[in-house]
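Single chain ahead, written as structure tokens, the form predicted alone.
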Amino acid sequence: MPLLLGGAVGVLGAATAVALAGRAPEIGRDTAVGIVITTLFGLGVLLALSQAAPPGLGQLLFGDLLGVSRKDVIVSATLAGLVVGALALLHRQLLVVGFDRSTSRALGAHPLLVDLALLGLVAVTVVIGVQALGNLLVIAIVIGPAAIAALLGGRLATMMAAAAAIAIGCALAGLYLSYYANTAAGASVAAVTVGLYLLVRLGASIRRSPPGLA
């Protein structure tokens, strides 16, 4: 099975497992994520040690931002368009469940279905980014821009648009850093994203400080 297709199947299966395990009160969502990720990571290590492991496994872990082909860009753009369309269709449901999960059923939302849909969209997003940054660095470009946009505040739709713009800006800045500093492209993008988050976080902390303590 091609690595990208196999990765997509695996990450969708992981998303479903997290959503279902997180519904158990004795487990909880955070524990469910830890259990599923640890189990699948261990399975991945065993598969990687096999002699039949595909030669592109290292690229799947660490990515190759400068080696992305035109076909990869077209596939990623298509998947990104599908994610944006799905977010537009699910916008109200996501807001209702995210704002008040306990009463969301009375407003016509179904928490489990929304969880599965959201985790599925996150999984597709990871599949898009993993080609360039790999499994180990894609977390930075998925969570970093969203965390920065959340610090800046505003309405949800505004924050989503800001997060997308921040991700593009960090990617471009990371590529320039990689070129001039002779560093790995994927790691440079991740470093710029984390660095920008720390700067925005520091600025937000200073703004919230009392005048005498700033």
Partner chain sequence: MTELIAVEDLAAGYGGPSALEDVTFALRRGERIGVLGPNGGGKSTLFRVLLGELQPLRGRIRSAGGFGYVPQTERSRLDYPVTALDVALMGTLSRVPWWQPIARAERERALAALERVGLADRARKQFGELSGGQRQRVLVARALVQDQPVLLLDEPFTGVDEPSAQLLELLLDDLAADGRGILIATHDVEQVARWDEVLCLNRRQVAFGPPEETLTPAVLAETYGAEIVRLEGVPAALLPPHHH
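As the structure is a computational prediction, the values presented were derived from the model and not from experiment. Numbering follows the first chain given and starts at 1.
The protein also exists as the form predicted in complex with the partner chain; that form is not presented, and the subsequent description refers to it.
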- Message: Can you pick out, from 122, 116, 94, 79, the residue that has a heavy atom within 4.5 Å of the partner chain in the predicted bound form?
- Response: 94
- Of the residues 83, 107, 143, 75, which one places a heavy atom within 4.5 Å of the partner chain in the predicted bound form? 107
- Message: Taking the partner chain as it sits in the predicted bound form, is residue 155 near enough to touch it, meaning that at least one heavy atom pair lies within 4.5 angstroms?
- Response: yes
- Evaluate residue 112 for contact with the partner chain in the predicted bound form, applying a 4.5 angstroms cut-off between non-hydrogen atoms, and reply yes or no. no
- Message: Can you tell me if residue 90 lies within 4.5 angstroms of the partner chain in the predicted bound form, counting non-hydrogen atoms only?
- Response: yes
- Item | Proximity of residue 166 to the partner chain in the predicted bound form, heavy atoms at 4.5 Å | no
- Query: in the predicted bound form, which of 64 to 72, 32 to 40, 155 to 163, 177 to 185 comes within 4.5 Å of the partner chain (heavy atoms)?
  - Reply: 155 to 163
